[in-house]
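Taking the form predicted alone, here's one chain by itself in structure tokens.
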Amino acid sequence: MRSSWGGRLLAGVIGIYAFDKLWKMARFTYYGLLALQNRGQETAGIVTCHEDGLSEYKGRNTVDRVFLEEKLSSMRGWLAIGCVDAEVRHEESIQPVIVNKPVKLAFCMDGKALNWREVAAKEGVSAEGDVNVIAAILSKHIDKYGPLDGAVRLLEILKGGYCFVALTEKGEMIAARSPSGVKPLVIGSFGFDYGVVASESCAIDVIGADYKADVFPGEVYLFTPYSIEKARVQSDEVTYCSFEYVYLARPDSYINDISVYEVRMRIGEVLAEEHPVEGDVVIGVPETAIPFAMAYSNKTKIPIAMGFVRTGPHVRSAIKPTQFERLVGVQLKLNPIKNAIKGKRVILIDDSVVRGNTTKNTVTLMRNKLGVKEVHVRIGSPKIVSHCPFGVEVPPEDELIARHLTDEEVAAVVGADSFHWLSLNGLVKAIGLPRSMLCLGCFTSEYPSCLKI
């Protein structure tokens, strides 16, 4: 099933490999998935490996609601992989998926392989959806070439931006990152007791392991009871996703060995340099834009205030599947504190604007019900003008407000006194990597060469 926007969304993956059968890894995987909940809130699943093979449990909901204590305590196995997903899928496609033959394995992935249909046709594989197809192809390749070479050959034929973790019935764990490096994957360990791979380093932190490094683009890791082996596929062009730093990743994560929190603080500083304005208070929209607002305030010496209070559990409104759910999510997290902003000139900092509907609702609420004197909106990312081919959901281009209107026109539409985005050069400066190493396609409509199939 597709979301209302018609494409695939992001996901978070984790794999934990203990070198002693006394460990039970389901609970560690559960905590890791809680840390990755920012990457998907529609489904969650865990597969463990033990003496009798693979056991799975998954469902539609957030991690804490899918895995109740009784179920979590009953899952045995010293090896485990897990996934949170933002896409609403058919039951048989909820990740991790399981392939039964020729090699029985569990598989989950983040991102998108753009030529999976063509590869499936050449390999003679038929299954429902990209994840099931790629899992089936990996199973065939492992049977033919072994787990390490099989995964390498898979990376050599799949084009796109993705990473995956797989667990075989024999107790082998395979983790891989596409040669493009678009999607992040990191590796860590807990002494000699276990190794862990995850979409973000925050998942490694919360289970008490030590973050070691990124899995390099094109790199494959194989964990067995006796060793950790790795191999690497030649990468012609590395292009890291710039939107991970703006919105997708948690601020306590490292992506490509760069602190997401520090990038967001630099974004706030650059935003203040590019678009200063007189005001009485700086307000950040929870949660992602808070570091932007803190740095903007530090740079301009304009006081920062807590402008909103969240109601209920944390809801990532931008990754909810429907517009109604997104609006409800925004309302839940944006109940304003009247005394912080009444009668003041407010500088409102947000992470991104797509259609402008939620920004308009927020500005209207502040003006009409809370007596704000002025509202100046500043956005901590460049204008989103195009789609993402690697799985991040973006509405059709004719719905993207920045594609069609000037800053002044957007200000008029949302009811703000002024409205400005971070520049593209400002984002590149804040991330600190050469522009040639970043995928900026959603901001420029120009995409990496790995799209050429």
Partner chain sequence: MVKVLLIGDASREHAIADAFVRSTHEPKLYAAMSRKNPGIARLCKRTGGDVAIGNIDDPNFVVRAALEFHVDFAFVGPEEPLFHGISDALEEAGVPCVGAKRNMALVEMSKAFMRRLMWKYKIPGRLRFKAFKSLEDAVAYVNEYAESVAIKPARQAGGKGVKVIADLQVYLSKEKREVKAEHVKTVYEKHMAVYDDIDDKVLIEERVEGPEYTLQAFTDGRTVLPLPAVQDNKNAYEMDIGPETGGMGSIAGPGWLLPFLTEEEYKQSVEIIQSVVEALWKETGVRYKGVISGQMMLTALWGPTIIEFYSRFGDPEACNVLPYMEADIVEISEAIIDERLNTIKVSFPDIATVVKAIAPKGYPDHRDLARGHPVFIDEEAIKKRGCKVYYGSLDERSDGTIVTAGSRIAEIVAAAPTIPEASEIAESCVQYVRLLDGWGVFHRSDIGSEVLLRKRIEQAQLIREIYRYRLSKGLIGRAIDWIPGRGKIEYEF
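Residue numbers count along the first chain shown, from 1. Predicted, not measured: the structure shown is a model, and the values here were computed from it.
One more form of this protein should be noted, the form predicted together with the partner chain, which is absent from this view; the next part is about it.
- The three marked residues, 287, 291 and 307, fail to reach the partner chain in the predicted bound form, with no heavy atom of any inside 4.5 Å.
- The contact residue chosen from 299, 230, 153, 355 relative to the partner chain in the predicted bound form is 230, the criterion being a non-hydrogen atom within 4.5 angstroms.
- Out of the listed residues 115, 93, 361, 189, 189 is the one that sits within 4.5 Å of the partner chain in the predicted bound form by at least one heavy atom.
- Of the candidate stretches 272-280, 338-346, 210-218, 116-124, only 210-218 contains residues with a heavy atom within 4.5 Å of the partner chain in the predicted bound form.
- The partner chain in the predicted bound form comes within 4.5 Å of a heavy atom belonging to residue 206.
- Although the partner is absent from this view, residue 143 stays clear of the partner chain in the predicted bound form, with no non-hydrogen atom inside 4.5 angstroms.
- At the 4.5 Å threshold, heavy atoms of residue 193 reach the partner chain in the predicted bound form.
- Taking the partner from elsewhere, residue 28 is found to have a heavy atom lying within 4.5 Å of the partner chain in the predicted bound form.
- Shown without its partner, the chain has 73 as the single residue in segment 55-75 with a non-hydrogen atom within 4.5 angstroms of the partner chain in the predicted bound form.
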